[in-house]
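Below you will find one chain, with nothing else, as structure tokens; this is the form predicted alone, and questions on how it binds or moves follow later.
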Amino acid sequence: MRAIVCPAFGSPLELTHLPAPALGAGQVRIAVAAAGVNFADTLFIAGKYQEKVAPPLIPGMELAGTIIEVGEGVTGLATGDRVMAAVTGGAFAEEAIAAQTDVIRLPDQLDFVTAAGFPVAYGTSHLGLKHKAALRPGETLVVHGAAGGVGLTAVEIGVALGAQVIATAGGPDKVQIALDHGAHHGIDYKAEDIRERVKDLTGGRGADVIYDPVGGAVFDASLRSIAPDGRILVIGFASGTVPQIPANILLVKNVTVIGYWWGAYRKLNPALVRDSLAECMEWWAEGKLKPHVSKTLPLADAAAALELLKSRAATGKVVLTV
């Protein structure tokens, strides 16, 4: 099979031919039609991701395609099923192995390209906002990086949960994308001060919940923008800077900072993840979620796809077609 391989942490990616991966009990083999590209993939191939796989490794954490083989003990799935799946690497290839618990059947109306970028971003935002942050109707939600892969899904899910959503992004075009996906207000952090604008938009109170996949200076702005008794959901550090949190501010403002890694729940509580994604699929069918794929590239251009994310040139999802 053709596959994108990282021969060593930090090395350039290579398109090569490899034997198909072995199929184990409780797993399915999927002919990959498309694979979603995530910022986490850049950490994965650098050896900096939370979950490490020894190189040589195949990147890619989500995919869509057709089941071509089922392993021992698999129930409820069969060859020929159209599915999407989350995986711990391996999606950037013509075939991939996924655990049965990580596989979701697709409705006929959902195409492979859209589905390939669905599990990680929507799964992260839905479980994070509903389960971890307990976002309630009528609360104010600030979403940083709101035009990016996970940020845009957080905007849509925040709206679906009944929150007033304030989207922050870098540049008017990116702010407009968040507004087009339901955000009630937008902040261009390149031209506006996040703290001042959030205070203005909330009557001086601040946000109840802040969704932060950026870190760095944006997290510092979040501490100054959060309302008393508010919650900051830490998703990641796309800025490259991990913030050091001054505990005195948490104490004085009664603020809760919530660390959250969606991938861990695939093992800790797979039923919770499946229920979460099932609700996302229901919301998609109802028209509440409108996945935005800004760029599709062929498998051979995986390095260019990752560079789009690293340079923040992409909005929504970038997807590789296989």
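Fair warning: this is a prediction, and the values are worked out from it, not measured in the lab. Numbering starts at 1 and follows the sequence shown.
What comes next is about the form predicted together with a small molecule, which is not displayed.
Annotation: in the model of the complex, residues Val150, Gly170 and Ile235 each come within 4.5 Å of the small molecule through at least one heavy atom. When the small molecule is considered in the model of the complex, Trp283 lies well away from it, no heavy atom lying within 4.5 Å.
At the 4.5 Å threshold, heavy atoms of Leu299 stay clear of the small molecule in the model of the complex, well away from it. Among heavy atoms of Lys174, some come within 4.5 Å of the small molecule in the model of the complex.
Taking non-hydrogen atoms only, Gly158 never approaches the small molecule to within 4.5 angstroms in the model of the complex. Interface residue among Leu57, Ala40, Val255, Ala34 relative to the small molecule in the model of the complex, by the heavy atom within 4.5 Å criterion: Ala40.
Of the candidate stretches 258 to 266, 271 to 279, 284 to 292, 22 to 30, only 258 to 266 has residues whose heavy atoms lie within 4.5 Å of the small molecule in the model of the complex.
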